[in-house]
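For this one, two forms of the same chain are given in structure tokens, first as structure 1 and then as structure 2.
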Structure 1
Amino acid sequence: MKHILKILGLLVIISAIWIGLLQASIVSSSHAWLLPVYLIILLGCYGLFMVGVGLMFFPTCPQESHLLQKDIAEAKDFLKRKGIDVNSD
């Protein structure tokens, strides 16, 4: 199934629930009308929160840079001894 259909399906379900809430007037109708707006705000908050969490716990690896430098030196040394031209630029 195309992904857009899944998203549309989800939207249909959410709309159905919303219309249900409007009809059943469980919550006061002025609030019920604003529910989609709340939902969008909620989605935005979720996105910002996830980006924030992702940034806070962004995995970094400073030691890898040193290890790579060592590997590069080792490789250059080996290749030079084998007569391969590895002078940069």
Structure 2
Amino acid sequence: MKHILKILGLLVIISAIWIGLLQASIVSSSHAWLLPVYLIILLGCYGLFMVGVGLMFFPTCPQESHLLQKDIAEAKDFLKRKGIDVNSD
């Protein structure tokens, strides 16, 4: 619930600034009407940038890989004892 209130508060602030720019004629009205579109494009670029950074610095976990291989071997042994064929051909 707190996140919703934060987002709504941010939207109210952005809307107030946008309406203020339209009313005060600080920015020409033809450009001020496009500010929400620019904001959406900017947020999309930021999102893509953060995904790219996350992929570039994706952590490798050799210890977790070893534990996963161990779990797989244990599962195969368990299934073989139950009579299920688990050959990975």
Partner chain sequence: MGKNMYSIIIPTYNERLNIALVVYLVFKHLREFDFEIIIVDDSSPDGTQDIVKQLQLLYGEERILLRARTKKLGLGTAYCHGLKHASGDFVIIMDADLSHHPKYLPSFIRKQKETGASIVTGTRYVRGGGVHGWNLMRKLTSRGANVLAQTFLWPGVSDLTGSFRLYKKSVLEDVIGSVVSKGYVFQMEMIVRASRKGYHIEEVPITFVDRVYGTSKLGGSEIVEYLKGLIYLIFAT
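For clarity, a rigid core is taken as the largest C-alpha set superposing within 1.5 Å between two forms. One-based numbering along structure 1's sequence throughout. Just so it is clear, the structure is predicted and the values come from calculations on it, not from any experiment.
- The first of the two standalone chains is derived from the form predicted together with its partner chain.
- Both P59 and H31 are counted in one common rigid part of the motion between structure 1 and structure 2, based on the superposition that better accommodates each C-alpha.
- Once the larger rigid part is held fixed by C-alpha superposition between structure 1 and structure 2, the smaller part shows a rotation of 58 degrees.
- In the core-superposed comparison between structure 1 and structure 2, the CA atom of I72 travels 10.4 Å.
- The Cα position of Q63 changes by 6.7 Å between structure 1 and structure 2 once both are aligned on the rigid core.
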